[in-house]
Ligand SMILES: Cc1cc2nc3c(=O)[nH]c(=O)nc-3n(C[C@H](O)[C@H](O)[C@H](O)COP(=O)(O)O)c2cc1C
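Below, in C-alpha cells: the form predicted alone, a single chain.
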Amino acid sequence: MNKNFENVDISVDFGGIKLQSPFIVSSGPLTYAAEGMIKAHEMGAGAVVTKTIRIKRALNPVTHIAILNNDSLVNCEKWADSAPEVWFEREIPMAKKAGCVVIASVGHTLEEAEAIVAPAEAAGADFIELVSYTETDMLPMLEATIARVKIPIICKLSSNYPAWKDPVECARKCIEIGKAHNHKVMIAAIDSIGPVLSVDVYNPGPKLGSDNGYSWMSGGAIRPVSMRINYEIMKMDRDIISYGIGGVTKAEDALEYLMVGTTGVGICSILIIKGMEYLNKVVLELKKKMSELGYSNIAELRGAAIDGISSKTADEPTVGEQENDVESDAKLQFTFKEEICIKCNKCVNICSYDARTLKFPIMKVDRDLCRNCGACSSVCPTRALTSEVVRKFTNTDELQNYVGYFS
C-alpha cells in the first residue's frame, strides 16, 4: 500500500477542462447562488452546477425538503428561485472570478433553451447542462443549444418512466447529434427518482407541500439504479464523457461510478445532510482509498469494472433466474482478520440463516446453514471479514486444504 496518499492525483480532464477532483456538486439547494458554489469549490469540488435556470423564477412550496434516512432525501423543490438575469449578472460571474468551474443548468423546454443558453455562455459558464421533464424534449433542446453556443453541452438524463423510456438510448442519440455537428456533447445520469410519497405520521398527510403531496427521491437509495444506467451507457461507448449522479455518500461510492467508466461523479444529497464541509473529507478519503487499492490517478481506475461485469464466462456462477437455472457450482471463501475487527457483530446479526458466530477472536460459519449470500462480508465496516467466489471443490481433501473456506 502506498501510504503517501497525497501523491495520488484525483484531477480529471472533463471535456477539455481540468477539474481539481471528479466531484461535481449537482444542481440543488447548495448551489443556490455564487456563495454556495464558491464554498463547494473551496471544499474540493471539481465543478459546480447552478440551480436550473428557467425563464420564470420558481416559487417553492412550504415545505419542500425532508430527510428520508441517513443518506437520502425527498424533495419537491423546483428550479432556481432567482431570475435568469441574476445568474447572468451576478452568480455565474462571481463564481467564475473565485475559480469555480461552472456548469449552467438550463431547463426545461425548447423555448427556454433557445432563450437562456447563449446568455449563460456569455456570463462565463464553462458548460451548459440541459434538463428536461421528458425524453422527447431533450433532443430538440440539444439541437437548439448546439446552434447557439460553442462550449460543451451536458445532457442530463432521467430514468423516470414513462416520460423517459430509455435513458441509455437517449444518451446514444445525444452523442450522435454532437458528432454530427462536431460539437462536444456529454452525459449526466441520472436525475432524482419519482414521483414518490413520504407520509408524516405525526400530522397524517404528506411530509412535503407540493400540490399532490408527491416528491422526488435522491441520495443513497437511488445509487444502484443510477449505477446500472451509467454502466450501460459506458459499456455502449467507453469514449463518452459523463458524470454519474445518485447516491454518492463516500469515497467508495465515487469509485463505483468511476470504475463503470464515468469521468466525474455528482454529489449533493449527502452534503445537504452533513454540510458542505463533508465534501473535503470525501475528497481526502478518495485519495486514501485509491492509494490503498494501488491507483495513482483517476485514469488508471476509470472503467476498471466494465469488463468484469460484461464479460461473464461459462465457468462463472449465474445470478438470478435463468431459463436453464441450475445449482451454482461455486461458494464463498471467507477471510477473517481479527486484528482489524471492531467486534460490532454486524456480520452475525445480518445473517438470516444464523450461520455465523463470533466469540472473539474466533469466528465460525456453519457451511450447512450458509447460503453464500455475501451479506455478512458486505456489512463489515473495516473489511475484517471479506469473501470471494471460488469453485466448488471436487473432493473432501481439496476442500479441507482450503482453510479460509470454513473460517
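Because the structure is a prediction, the values reported are computed rather than measured. In this text, residue numbers run from 1 along the sequence as written.
What comes next is about the form predicted in complex with this ligand, which is not displayed.
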*this ligand isn't shown here, but in the model of the complex, which of 268-276, 284-292, 94-102, 234-242 has heavy atoms within 4.5 Å of it?*
268-276
*Does residue 77 reach this ligand in the model of the complex, with heavy atoms at most 4.5 Å apart?*
yes
*State yes or no: in the model of the complex, is some non-hydrogen atom of residue 191 no more than 4.5 angstroms from a non-hydrogen atom of this ligand?*
yes
*Are any of the heavy atoms in residue 29 no more than 4.5 Å from a heavy atom of this ligand in the model of the complex?*
yes
_Is it the case that residue 155, even though its partner is missing from this view, gets within 4.5 Å of this ligand in the model of the complex, heavy atoms only?_
no
_So this ligand isn't shown here. In the model of the complex, which residue out of 219, 264, 261, 167 has a non-hydrogen atom within 4.5 Å of it?_
219
*Of these, 65, 43, 33, 68, which has a heavy atom no more than 4.5 Å from this ligand in the model of the complex?*
65
*Tell me whether 15, 120 and 187, taken together, all sit within 4.5 Å of this ligand in the model of the complex, counting heavy atoms only.*
no
*Going by heavy atoms, what in 119-150 lies within 4.5 angstroms of this ligand in the model of the complex?*
131
